[in-house]
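Both blocks below hold the same protein chain, though in two forms, and each is given as structure tokens: structure 1 and structure 2.
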Structure 1
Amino acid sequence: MRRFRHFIIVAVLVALSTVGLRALFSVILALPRASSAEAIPIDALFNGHYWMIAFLFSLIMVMMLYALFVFRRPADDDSDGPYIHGNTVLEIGWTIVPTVVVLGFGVWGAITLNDITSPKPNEMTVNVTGQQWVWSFAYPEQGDFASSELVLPVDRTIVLKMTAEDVIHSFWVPEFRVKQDLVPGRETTLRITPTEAGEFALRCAEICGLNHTQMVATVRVLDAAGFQAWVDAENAAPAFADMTPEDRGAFWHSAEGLGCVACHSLDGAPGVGPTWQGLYGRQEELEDGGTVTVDDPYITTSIIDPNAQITAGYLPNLMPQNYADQIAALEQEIQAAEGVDIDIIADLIAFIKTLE
């Protein structure tokens, strides 16, 4: 009978503690706003897990503290506790019940996963490329232009087709809940359906080297009309053939182009690589002790074989080694699309020359 009373008290305490903890979690373990359709089933699953955490934690802690405070012995009591060796029924019980519970959560998780990853009607594709340490986005269905911010229409399922140029990165907008790595050499996909207009921050979630911290991009979710207006404005951008080499150079420097901006500032600010301000004609000291004057051949080598001459104070291996390939591919693409030959490196040099 005494035993029975203990269990009743414990049950009440556990129940109270569970509810209290769950309430506390809403404060100290709050989730960010939910701004995508995917966030809704995921948050429901979070809620389920929170209840389970609150309950299990209460169960064990209440019983532990109860045992500590109710059954404890005074300092001069040397006697032993009751001789209870074990109880097979109990053991089987607390093996089976958690098994069923966790498998239940597994099923719930699988259903939710299927929910958020299965194709939806009227999807729109955006290609995402990650590169140390910039993001770029291309819109194949809207005229195949590139953008350095991710602009999305509201209430439409977006299929992000993602890849990385160099190392693994990861796409994470906390308000959208879902996350997906960008892996070099393969394409990964992620579906998101923004449900409210607004501005969000996309932050790279996988350590990707020196400037991982700063690998961020803006995500803007617009209503349908606003999105269309943005697409039209982007498409109105002039063809490469119509641009001056300097303008093209500025474009290549940006995240939409080759992403040089990730490391080379234009205003003299220090970065991972030397600033481009006043670069042309400057005397540079090299790591191996020599000096060079920055001229066309030097810039060309620095782009296609960056480790050949490292400027003093900078680290080797940081600059992607595959720019020669990237540039050749781009030039071919432009040749195919616009029928003109463009020399990207010459554009860049022309642009650098303007940066006094």
Structure 2
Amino acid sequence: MRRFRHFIIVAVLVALSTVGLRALFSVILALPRASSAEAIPIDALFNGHYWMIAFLFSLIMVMMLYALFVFRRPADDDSDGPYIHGNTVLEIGWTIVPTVVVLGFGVWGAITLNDITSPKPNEMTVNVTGQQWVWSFAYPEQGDFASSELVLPVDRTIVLKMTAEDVIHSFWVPEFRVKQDLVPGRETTLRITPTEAGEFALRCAEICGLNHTQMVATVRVLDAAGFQAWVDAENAAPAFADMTPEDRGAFWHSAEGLGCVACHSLDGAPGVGPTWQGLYGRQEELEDGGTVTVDDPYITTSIIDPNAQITAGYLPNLMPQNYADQIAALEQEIQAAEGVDIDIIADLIAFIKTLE
């Protein structure tokens, strides 16, 4: 027993240190509440890593500190220590055991990834579009309307089919744990099964430009009845043909429209682009030193050829260069769906005129 005394003491100290470190991790590395089915296996994987990190740190530090204090050489001992060539069993052990552990975590991670990405019964599709610096969501199975907030039913798997209009963005709701990039010209998918009703914040987790930190959206998870009531209300919204130009202009400014809200405020607050408050009729100084009156032709040019006349204090190439194509495509869609010709730029101008 005396022979194994140091081993027993070290084992007890390692166990105590591991438990203490794991408790500390639960405080300093605390995760937000888990609110999706996918969070359960992910949190289990996190927990396994935390225990392993706590154990390995404790094993190294306890053995080092124990040896430092218990086996330190007395001050009057100038003799050489014993020569130790090595221990073949120990060397084989500390090669095989870590290899098995790493492979085990790899298999565990692969199983978890397959579990959270595989198709589930009764899935619902939501189309997600990211652009600098707004999110928009479309519901093809509920009437194909668009929304600037993501509204989901609880306890149902949602398939997010995502794409980006300009640069790479990243969809991330911490409470759901899962995260996925949105890539221009390519559709990526993400599955979420919300398990808790409530309101959450969607963030872009990829630095995507000047207003990256403001690229947020509200995620609301409702029970089945609440979700259906929301869908019915969205579908009951007036058709474009029944809206005034000013109302349509407000819609095009929003995230579910053309996303102008990402750069142009309505309350005078500075942004990536000039505020629309009091814009119409104002004299604007340009980067080339000239001035221009903000009227219909100037606004039209600023939309279809945004680099033609840059307002002083603002940068070129931030506004999408393909708005002319986007607007033409939207007008064709509305004409085909409602049989009415809409002039989106005229709608925007009408809306801007109301913002005195």
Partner chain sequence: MFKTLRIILTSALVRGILGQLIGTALGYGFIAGLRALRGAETPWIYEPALAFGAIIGVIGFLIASGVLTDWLKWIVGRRTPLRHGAPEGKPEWSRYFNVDYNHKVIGIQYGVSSLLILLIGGIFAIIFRIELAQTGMQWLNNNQFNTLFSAHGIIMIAAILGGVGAMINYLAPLMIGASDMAFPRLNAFSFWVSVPAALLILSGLAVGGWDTGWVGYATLSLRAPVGMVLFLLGFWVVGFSSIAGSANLLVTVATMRAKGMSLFRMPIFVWAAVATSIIQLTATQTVGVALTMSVAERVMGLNFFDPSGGGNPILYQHLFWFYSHPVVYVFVLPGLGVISELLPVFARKPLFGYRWVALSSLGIALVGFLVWAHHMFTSGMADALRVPFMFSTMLVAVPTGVKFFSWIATIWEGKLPKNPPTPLLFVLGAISVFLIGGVTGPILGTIPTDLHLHDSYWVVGHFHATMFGGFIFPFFGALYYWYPKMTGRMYNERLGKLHFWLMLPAFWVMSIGQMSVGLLGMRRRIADYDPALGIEGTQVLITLAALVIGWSVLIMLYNLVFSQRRQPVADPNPWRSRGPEWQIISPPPEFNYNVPFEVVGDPYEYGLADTTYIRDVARASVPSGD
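Keep in mind that what you see is a predicted model, and the values were worked out from it rather than measured. Counting starts at 1 with the first residue of structure 1 and goes up one by one along its sequence. Only the largest set of C-alpha atoms that superpose within 1.5 Å between the two forms is called the rigid core.
Student: Only one of these is the form predicted in complex with the partner chain, so let me know which.
Tutor: That would be structure 1.
Student: Comparing the forms between structures 1 and 2, identify which of Thr301, Asp77, Asn47, Pro238 marks the hinge between the two rigid parts.
Tutor: For the motion between structures 1 and 2, the hinge residue: Asn47.
Student: Treating the chain as two rigid parts, what rotation angle in degrees relates the smaller part to the larger between structures 1 and 2?
Tutor: Expressed in whole degrees, the smaller part rotates by 11 degrees between structures 1 and 2.
Student: Can you give the CA shift of Val70 between structures 1 and 2, in Å, with the two forms fit on their core?
Tutor: Displacement of the C-alpha, rigid core superposed: 3.8 Å.
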